[in-house]
Structure formats: structure tokens, C-alpha cells
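Below sits a lone chain in C-alpha cells, taken as the form predicted on its own.
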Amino acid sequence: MIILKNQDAIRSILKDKKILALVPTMGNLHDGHISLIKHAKKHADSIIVSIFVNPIQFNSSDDLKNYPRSIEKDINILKKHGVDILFNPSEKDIYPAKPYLAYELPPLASQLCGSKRPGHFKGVITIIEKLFDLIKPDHVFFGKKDYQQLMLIKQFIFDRKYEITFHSIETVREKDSLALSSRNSLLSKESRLIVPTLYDTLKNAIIELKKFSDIKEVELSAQKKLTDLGWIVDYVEIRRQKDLLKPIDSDKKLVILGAAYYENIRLIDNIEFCTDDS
């Protein structure tokens, strides 16, 4: 595996590559990232993984400081799974000047996670634009755990007319259904026993919705259940799968999304479902 640290090196080595897949990450790799890599191998001749903890998508300096980093372990994982190139740049190399994004984010960017983390998605799309323009991938791979991010990047690709095939990959979970996340490594043993209740609460909310059909009541009930368990809830909302807008009566393909803190660790999750059990 080739490890590259700067943009000039990337431009030089990629100029002769044919079909290229990009898996963007912030490191501290886990089985969710490995799933993305395995899917990428089915579609490309060369796989490039980026590891860059993007400072401009963090809303808290403490969150940025505490974000888990494990570059040596990550390198071993990438080698084991046959990744061709690791791009691991410094902040100075990615942002030699103040970051600027000309793209106007859609209204969705200020909802859900965007309403609780102002500027977060602007930071996400800024780094994605830089990676896309630098690497020029044919395929990109993202996990469904970050459902809102996934939607915004798909829209960005469409709006900017990138010739990139976008792949959304199912969330990988622990045996107790906790969605894999780099932040899971920050959880205490005690917290780790409680945090699967986020997924359980979302799953039970779907059952309640199919019984009672009152979306707002189900959302509020789920929020209360999480609060009673000790979570600090950002939101629990039910939206349409296709665009994350609020559903109308005729919408059948929905997704329930939740974001909450447990002992200062912010976790997110979602479950896609159909109201008619199709």
C-alpha cells in the first residue's frame, strides 16, 4: 500500500489510474469502514482511502481534540484489506488558506443534525469537494449510518454534475445492534451497556407508528423514553427516505432518525422502513 501525505503526490500517482474508488474517512477504522472497502473492490481497479480529521466540521474544540485517532492501527487494517493508496494529509496541506465553499447548501443542511451543529455540513461538503476535485474518483462509498450526510453528498454530486457513481452501504452493527461508529471507542463500559437503547427506541417507535399512525406523537414518545434512560436528545424524527422531507399521508417509504448524547458522547442512528410492510 502506498501512503501519500500531500496533494502533489496524489495528482502524480493517480494520473495513470483507470477505474478509481474513494472511501473518505476520519480514521479510527472499524468494520463499517471495512464494509465500504469490500464493496469498493467490486467496482474499481484501485481503492484509495482518505484519513483526515476535518477540523471545520466540528462545532466544539473539545470534540475535535477528543476525536479518536489510531493511524498505526488504521494502516495495518488497510494493508490487510488490500487498499492500494492511503491519503493521509495534514490540515495545512488540505487548507493552505482559509476554507471557502461557493456551493449553496440545500435547506436540508440546516435541519436535523444541521440545526444542532451549525456549519457542520458546510465543513463536510468543503472537504468532500476538495477530495473529489483532487482525486477525481469514479465511485465513492458512504455508510447509511450518516443518513443526512449521505443525502447531502448525493445532492452535491448531482448539483455539481460530477461524473461519480455514489454508493450507499448498509450500516454495520454490533451484536447488540449498536451502529458502529468511531466515537464508540470513547464510551465507558457502563455507557456501552446503555447506548444500544438508541436503536431499540427507534425500532419500537416504528412499531408504535404502525399501530397508531400519529407521527408527532410517536416522535415525542421516543424522545421521552430516551430522556428517561439518561440520554440528552437532539432529535427523533420520521422523514421520507427519498429526500428527508417531512412525510405526507401517501408516503410509504420512511426513515426514523435519532441523535442523542449519552455521557457527553453524541451518537446517531436511523432505520429505514415501510408503513405498509412491503
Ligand code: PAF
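The first residue of the sequence shown is number 1, and the count goes up from there. Here the structure is a predicted model, which means the values were calculated and not measured.
As for the form predicted together with pantoate (PAF), it is not shown, yet the points below apply to it.
Among the residues L64, M26, V233, I215, the one placing a heavy atom within 4.5 Å of pantoate (PAF) in the predicted complex is M26.
A heavy atom within 4.5 Å of pantoate (PAF) in the predicted complex is found for one listed residue only; from L198, V140, L78, V124, this is V124. The candidate spot formed by S70, D74 and S181 lies out of contact with pantoate (PAF) in the predicted complex, as no residue has a heavy atom within 4.5 Å of it.
Picking from 173-181, 157-165, 125-133, 198-206 the stretch near pantoate (PAF) in the predicted complex, with a 4.5 Å limit on heavy atoms, gives 125-133.
Pantoate (PAF) in the predicted complex is not approached by N88, whose heavy atoms all lie more than 4.5 angstroms from it. In the predicted complex, Q57 approaches pantoate (PAF) with a heavy atom inside 4.5 Å. Proximity of Q148 to pantoate (PAF) in the predicted complex falls outside the 4.5 Å heavy atom cutoff.
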